[in-house]
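Shown next as structure tokens: one chain only, the form predicted on its own.
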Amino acid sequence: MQLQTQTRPKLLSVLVMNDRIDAASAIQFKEQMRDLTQNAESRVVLDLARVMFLDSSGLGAIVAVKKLLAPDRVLELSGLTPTVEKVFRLTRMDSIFTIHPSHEKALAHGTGG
């Protein structure tokens, strides 16, 4: 699982470089996110723009990361592809997460722009 990070004031940006988060990669994803966010800023934005497939294991891993960060820090999502967005909508997880249409909008959201 390849994750690319960028730190900004009060924000850790994480880009998933893989095209899927599924049963084969979910545990590794969750462990890497735990390590990356251990001392993270108050906002963590997970950019899923490259993820074309997300199964229940992948969704569970993202929810687990959200729980790891709570209550002090927030996990936001950006750039969901139509397939991934559908998974969030069908499972009603879109009501649990703040989802931004693009990573740029997520970054601007935190600066009041």
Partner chain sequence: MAPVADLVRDLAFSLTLAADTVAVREGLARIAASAPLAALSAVHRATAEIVLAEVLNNVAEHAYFGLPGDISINLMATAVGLECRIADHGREMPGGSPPAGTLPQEDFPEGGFGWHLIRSLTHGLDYQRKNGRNLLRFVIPA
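Numbering follows the first chain given and starts at 1. This one's a predicted model, so the numbers in the text were calculated from it and none came from an experiment.
Keep in mind that the form predicted in complex with the partner chain is missing from the display, and what follows is about it.
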Exercise for review: Check, residue by residue, if M33, R50 and H103 all come within 4.5 Å of the partner chain in the predicted bound form, counting heavy atoms only.
Suggested key: no
Exercise for review: Evaluate L59 for contact with the partner chain in the predicted bound form, applying a 4.5 angstroms cut-off between non-hydrogen atoms, and reply yes or no.
Suggested key: yes
Practice item. Determine whether any heavy atom of R43 comes within 4.5 Å of a heavy atom of the partner chain in the predicted bound form, and answer yes or no. Key: no
Exercise for review: Flag D94 as yes or no: does it have a non-hydrogen atom within 4.5 angstroms of any non-hydrogen atom of the partner chain in the predicted bound form?
Suggested key: no
Check your understanding: Is the gap between S13 and the partner chain in the predicted bound form 4.5 Å or less for some heavy atom pair?
Key -> no
Check your understanding: Considering only 76-91, what residues come within 4.5 Å of the partner chain in the predicted bound form, judged by heavy atoms?
Key -> T83, K86, V87, L90, T91
